[in-house]
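Alright, here's a single protein chain in two forms, structure 1 and structure 2, each given by itself as structure tokens.
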Structure 1
């Protein structure tokens, strides 16, 4: 087993604020996981992969995106390893290294659209977010599957008019946010943490 001198293991431990070497594979995390039966790899398997330095392969797993962050695994760990934190670290690494599982590319596109609108406006705007999400999804689909891109981009377009008529889709921007600078400072602080 590799030690934490391995840069990939050290990165996971730094992001998760935990020591994966403490895990002795008792399996309590996997036994208690409410998503365990749906996962391609159980939490204990992912921890073992990280222990052996196979961080890139672990980050490609669908399981890191199926984790609902309920913290059951971390609470059950007799060695206080933050397993949920490790899975979250693997998510971050998969986004950085562009190794996100193919089934979860849309999830990442949605998260990016949401955060970009929040960063820009200080609050969400539904219509702007839908347009950005569909645009990100379209270009993601074009690069991976060009035949799927246009139908996917227009998939929910028929819902727009009905939602607008029922008052479920707000076209106008929200009122001015009192302290947009505060939101920008929060984002800068988070980005600084990620970079360091």
Structure 2
């Protein structure tokens, strides 16, 4: 699906498997976006920026990580542009180019913690994930957003005892995976493909 010679636009289209040139800026994606009210740039604006090749600047937007991946935009696009896919591409580019918006380092820390546990265990362990996320998020905040570091680290802590009472915090979850090494090999191969 090669429609451009601009390497940044091509990268977005390659990750998202969609053609951004098809967008004619009707704005339906932005109108239906549940996070639109909060966004510094609306989904249709981000698509326009990508069309112009302003990909790195687009990746700096808070909107990139405010996106909740609900897929409403892609489902409604009259031109079948996978807008949510483009937002995913911008997420990935913001990590690679270190352009993640300062207020959303924690969201990135959460997704990274999730994948790290997955790489180790093949499945998610919620307790392990919370501990890793809170630690990563805390150190991320200390450098970028120090005022938020301690309140964010303590947020939701009150739910712990209540979850324990309901039997909802298991230290040991399900059965362990027999072939964890295979999961690590899958990760390695996928990461290699992204780098190349």
Partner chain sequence: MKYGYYPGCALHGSSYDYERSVRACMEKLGVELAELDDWICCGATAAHSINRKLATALPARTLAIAERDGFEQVFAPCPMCSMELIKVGNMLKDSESLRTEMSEIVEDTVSGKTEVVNLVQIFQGCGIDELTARAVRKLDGFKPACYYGCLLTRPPKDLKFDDCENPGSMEDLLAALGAEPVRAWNYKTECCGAGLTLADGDSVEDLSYKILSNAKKHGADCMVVACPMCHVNLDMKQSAIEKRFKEKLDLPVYYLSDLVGLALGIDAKTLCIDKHFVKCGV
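The model shown is predicted, which means the values in this text are computed figures rather than measured ones. Just so we're on the same page, rigid core means the largest C-alpha set that superposes within 1.5 Å between forms. Numbering follows the first chain given and starts at 1.
A.B. asks: Pick one: which is the form predicted in complex with the partner chain?
C.D. replies: Comparing the pair, one sees that structure 2 is the form predicted in complex with the partner chain and the remaining one is not.
A.B. asks: Core superposed first: is there a CA shift of 2 Å or greater at residue 85 between structures 1 and 2?
C.D. replies: Shift at residue 85: below 2 Å after core fit.
A.B. asks: For residue 102, is the CA shift between structures 1 and 2 at least 2 Å following rigid-core superposition?
C.D. replies: No, the C-alpha position differs by under 2 Å between structures 1 and 2.
A.B. asks: Please determine whether the C-alpha atom of residue 75 is displaced by 2 Å or more between structures 1 and 2 following superposition on the rigid core.
C.D. replies: False for residue 75: its C-alpha shift is below 2 Å.
A.B. asks: With the core fitted, just quote the Cα shift at residue 114 between structures 1 and 2, in angstrom to one decimal.
C.D. replies: In the core superposition between structures 1 and 2, the C-alpha of residue 114 moves 3.3 Å.
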